[in-house]
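Quick setup: one chain, the form predicted on its own, written in structure tokens, and binding and motion questions come after.
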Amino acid sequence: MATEINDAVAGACLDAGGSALGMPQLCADWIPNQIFWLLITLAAIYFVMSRIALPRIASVLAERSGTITNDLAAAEDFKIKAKEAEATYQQALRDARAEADAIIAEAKASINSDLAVELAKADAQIAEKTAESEKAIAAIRESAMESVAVIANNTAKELVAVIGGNADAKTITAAVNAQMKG
């Protein structure tokens, strides 16, 4: 009986030489057989996918998710460490600038104190030279005044002699000294 069904099914979709008439997938007599094998194939694919492939894919996805989560946590840690390092760097930079300012201020103070000492020495030398110069000028002035007095005495004697008078040296010297004092 099974062969009679096969011959009946085969007769409708096959020609006398055993070749398919048209597309065998579209043969209405073969559709129940194709549906059966389709269901068997889908069940086998579902079993393979659900028991073998999908768990592997799920584990890979979970592993990737864990890796991404760990990487994000590590990135956050690095970000915090970078901020701390930047804060430390900025503090070190401020400390270095403050130290540089202190060194500059100390150098300026040292230079100013050295300058003050040197200025005091220079002022003392100038004052000493000024005093010496004033003594020399006073000596020259004294010498000039004595010379003027001598010349004035001699001139007065000559004038008195030319006028025809006779004056003693003491009187002429007293008169010249009185005139020179003012």
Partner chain sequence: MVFHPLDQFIVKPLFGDGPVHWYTPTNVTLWMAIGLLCIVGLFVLGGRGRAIVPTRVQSIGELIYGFIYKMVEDVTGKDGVKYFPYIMTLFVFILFANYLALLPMSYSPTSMIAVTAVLGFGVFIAVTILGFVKNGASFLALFWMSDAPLVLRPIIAIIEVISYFVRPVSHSIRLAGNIMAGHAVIKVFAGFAALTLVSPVAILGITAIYGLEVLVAGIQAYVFTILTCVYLKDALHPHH
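Numbering follows the first chain given and starts at 1. For clarity, every value in this text was computed on a predicted model and none was experimentally measured.
Beyond the structure shown, there is the form predicted in complex with the partner chain, which is absent from this document and is the topic of what follows.
Considering the partner chain in the predicted complex, the lone stretch of 126 to 134, 152 to 160, 60 to 68, 112 to 120 in range is 60 to 68 [heavy atom distance within 4.5 Å]. Highlighted residues Leu14, Leu39 and Leu54: every one comes within 4.5 Å of the partner chain in the predicted complex, counting any heavy atom.
Taking the partner from elsewhere, Glu146 is found to have every heavy atom lying beyond 4.5 Å of the partner chain in the predicted complex. Put simply, Asn166 is far from the partner chain in the predicted complex: not one heavy atom of it is within 4.5 Å. The closest heavy atom approach of Asp29 to the partner chain in the predicted complex falls within 4.5 Å. Residue contact check for Ala44: one or more of its heavy atoms lie within 4.5 Å of the partner chain in the predicted complex.
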